[in-house]
Structure formats: structure tokens, C-alpha cells
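First, one chain by itself: the form predicted alone, in C-alpha cells.
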Amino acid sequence: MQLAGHGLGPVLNGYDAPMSRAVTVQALRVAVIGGGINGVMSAWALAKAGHSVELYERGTLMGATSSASTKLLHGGLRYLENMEFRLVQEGLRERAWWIGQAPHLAHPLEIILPVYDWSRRPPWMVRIGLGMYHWLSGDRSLGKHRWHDRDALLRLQPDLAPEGLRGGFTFWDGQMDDRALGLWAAERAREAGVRMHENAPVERIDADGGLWLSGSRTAFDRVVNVAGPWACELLRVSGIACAHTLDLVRGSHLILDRPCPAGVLAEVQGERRIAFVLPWQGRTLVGTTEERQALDHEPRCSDAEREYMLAFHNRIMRTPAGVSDVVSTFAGLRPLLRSAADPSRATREYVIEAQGRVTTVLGGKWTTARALGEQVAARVLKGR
């Protein structure tokens, strides 16, 4: 299909070809544990490869972390500062695929990146980063970044705080309805033959391909552990060693009862981290935070996080928002690889481990779920 104004049609149709062709293999019976986006896309890829797939989700599909994102399909502009070029390029490639396949649930979004007198990143540095971001997207670019002077930027987003504003850039990324898009993918997986089991918490697994559910063991040729934040815990209770550790980081968001004419990505004053003010279903989405959290607590936006995000909003927007403007909050638990003193510098890369007949996925991000799923399917086939 052709995405008007962005020239993505031929690229997207061509890029979809690998997912459209089934591979002739001797079918394996595979259990996938986890009904978030990475589990769904792994199950879909395995079914496309000709395997018999059962997916088990402890709650409801897309009911946890995968429906609590910042609603962006992106390569991760800030990851360039950590030299994660492979991850950014993969994310930009996958961003194009999602927008091309489900334009009713995902679309390009122009975002403003203002530069203030107090910004830690000068315009030349931002320009280089955006240039690299555009270059890594190749022929899947959604549009070129542009510099705007102060007055032009205020015309694009009249509510942008003018004090100390030097100007800024606009660039393109993707926006999605994460829960609806994930359920769309789950339906495609069902059509490919995946059998979904919701409210089916897996108690433990074993390296011989066994899966315990309600006290009974079911044998599979392969078990794929894509339980997100719970992946390492499932291995632990199963007595299976895990070569990596997860850094569990809560990301919280606010929904304000006001329209947002244009999305903004900006530095948090006094910090190097960034946050967003985005249009979302006729309202304004503000996020996100990065707070470590234990697995045994339900991720919820704390009062301190709410105040932090309101302060960020009120620093870069002219019209202040207060607690009374917050109509809802949501939070998700992100499983990041390699613990770091600063959670914002932990990687969004993923690794795939093999333990006997068990394949475990650790880490990953929403946008790259399809690429991860294809890697999982390849590893399962290779491990035969």
C-alpha cells in the first residue's frame, strides 16, 4: 500500500515479503509463554514457519507492559547517544512496517524538539543526531528534519513556553494505539494457526520442554519464554540458570484533559534525559519516568512521578497543568538489560538464550517486536 506523502509503499510491500512466505519445515509443537507484543510476534513468526504453536498468557493479551507504552513507534533517537546504531536502524525499519501494515492503528507523527537557553544539547549536536536518525532510516524515512526559528516554532505549537526559546527542530516518528495494534497482531497470529490461552499462568517449565499449568505437565518440542519482566523469575522458579539479568524500570504517564496541537520532545531541565508531550485521542499525553521497581508490586504512577511530569510539562508549555487536569495515569514495567546506575542509559537491546529445549527472550522494545519474533523462530529451527 502507498503511504501518501511519505513514499513508503513499494518499500513496505517489499519488506513484508518474508512474513508472507511460509517456510516448509517439519512442524514442532511449541509453547510460547507471554501475551505481550514480543510473545505475540514470536508466536506469529513460529506459526508462519510451519510450527504448531500454543501461547499462554497469565492475564489478558496486551494487558500489561505492552499496553502501557508512550504510544510511539520509533527507532529511539536518544539511543544514538549510547552508540546503539544497530538497534536504532532496526527500530526505524520496523516502524515503517507497522505503519504500512496497520495504518488505521499507526501513523506518522511530526514532533517538535525545542532548544532553550538552558538546554544541555546545543543545536549543532541535535542537528547531527537528527541527521544520523534520518540516514539510518534509509528509504523508509517518514520525512526530513527541519530547523525552525523561535517564531516559526511557536506557530507550530502556540502553547510552547517562549521564555529562553532559541528555536528548534521538527522530525518524524510514528504513533500507535499500542493495545489495539497488539490485538491486531494477535488476530493475525490466530489466523496463522496460533492457539491463544488467556488467564493461564504457567507455574514452571523444564529444560526438556515441559510446561506446568494448574499442577499438570504438558510436553512440548520447544518452550519459548517471552514473559517480559517475568522471564527471569520464571527461569528461577523452574531451577533453570539465566545468563543475563533484567533491570526492571517503571515508566509512568499522565493523560491531561486538554488538546495538544503538536507533539513535543524536550530535555528535562537540569537533566540529560528527555520526556514527551504528545497528542493522544484528543487529549495530551505526558511521559515518561524511569523508576526501578520490584516485580512483586503492581506498576502504578506515584504521586512523586505525577508531580515530576507536571513540572516538566509546565516548564516547556505556556499553559500550566495541575492535578485537577489529570484525567488518568498509567504505568508499565520495562525489562531492561544490563543494570546501570542511571536507568535511562540501560539498553533496550534484547538477547535470546537457549537452555535445552527452552528458548528465553530477555529485553526488547515494542517497535522491534516483529524482528525479535523472526529471530526467535530462526533460533528454534536452528536448535532442532
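Residue numbers run from 1 along the displayed sequence. From a predicted model like this one, the values you see are computed outputs, not experimental measurements.
There is also a form predicted together with a small molecule; it is not shown, and the following applies to it.
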Inset, instruction - Could you tell me which of 44 to 52, 317 to 325, 349 to 357, 29 to 37 sits within 4.5 Å of the small molecule in the predicted complex, going by non-hydrogen atoms? - result: 29 to 37
Inset, instruction - Indicate whether Gly100 is a 4.5 Å heavy atom neighbour of the small molecule in the predicted complex. - result: no
Inset, instruction - Would you check, heavy atoms only and a 4.5 Å threshold, whether Ala200 touches the small molecule in the predicted complex? - result: yes
Legend entry - Leu254 within 4.5 Å of the small molecule in the predicted complex, heavy atoms: no
Legend entry - Contact of Pro229 with the small molecule in the predicted complex (heavy atom, 4.5 Å): yes
Legend entry - Selected contact from His74, Arg222, His313, Arg93, since only one has a non-hydrogen atom within 4.5 angstroms of the small molecule in the predicted complex: His74
